[in-house]
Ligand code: PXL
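Only one chain is included here, represented as structure tokens and corresponding to the form predicted on its own.
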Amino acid sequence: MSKKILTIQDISCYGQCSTTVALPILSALGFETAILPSAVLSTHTGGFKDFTVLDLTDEMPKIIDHWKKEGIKFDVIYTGYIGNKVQFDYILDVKENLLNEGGLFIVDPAMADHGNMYWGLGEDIVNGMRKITSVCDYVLPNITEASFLTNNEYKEVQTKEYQDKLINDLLKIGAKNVILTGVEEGKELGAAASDGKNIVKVLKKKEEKSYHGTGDIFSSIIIGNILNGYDLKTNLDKACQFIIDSIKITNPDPSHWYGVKYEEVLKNYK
């Protein structure tokens, strides 16, 4: 029987990120996927001007209460971008009441990159992300998000010791497994992960261009691979290669600056 996944994050209507990549990717990997949107944006916030934002905080508890009455439950809850601190309590309510016994609670603390918080987000979001990270089965931050969650200084130039400290500090917060993205060594870029016992790392040649939304795509592939039984290192390798292949397909088209053409890679993904 197909596992049921609930993803809680925004809907950026245009721009290939958040729910608009999570839903098709997880569905294509074989999982029934439902959504609990935290907000609706006309586009993502990376490079577009005058985008619209509709906060759905008031609607979320109504949806949750309806699901409770219907007896709806999920095998996985996967959170992404959250723009209102009130929503973290709703997320914990969902985890407590709508997650099947033995289910997975996975947090992608999508809130920052390159040393800065995303547009409109502040310390209250960091605190909320830390709160849900403390009870998660997996947390999937980039280097910036990991440094903010653990109160470590953000360092653009990384050392192995710095990367390991971020991972171990996230484990100390309460996460059972950590998958850290944006790990760099020289001209290589990739991810590192720990199950609380060992740290594994996958690095690949760094692409010259970067695109918005690749973190959301990476997280969705990682989650699908977890459910499909891949070990941690194989999972990292496959997810990193998926992003690289998506970037390479997108690079020749300068008009497609807002995200990657992951669909071409997804249709042949196994």
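Values in this document were obtained by computation on a predicted structure and should not be read as measured data. The first residue of the shown sequence is 1; numbering continues from there.
Quick note: we don't show the form predicted together with this ligand, though the next part is all about it.
Per the 4.5 Å heavy atom criterion, this ligand in the predicted bound form is contacted by stretch 209-217, the sole one of 64-72, 24-32, 209-217, 235-243. Contact check for residue 46: a non-hydrogen atom falls within 4.5 Å of this ligand in the predicted bound form. Taking the partner from elsewhere, residue 17 is found to have a heavy atom lying within 4.5 Å of this ligand in the predicted bound form.
Residue contact with this ligand in the predicted bound form: residue 118 places a heavy atom within 4.5 Å of it. The shortest heavy atom separation between residue 41 and this ligand in the predicted bound form is within 4.5 Å. Within 4.5 angstroms of this ligand in the predicted bound form, the stretch 81-99 places a non-hydrogen atom from 81 alone.
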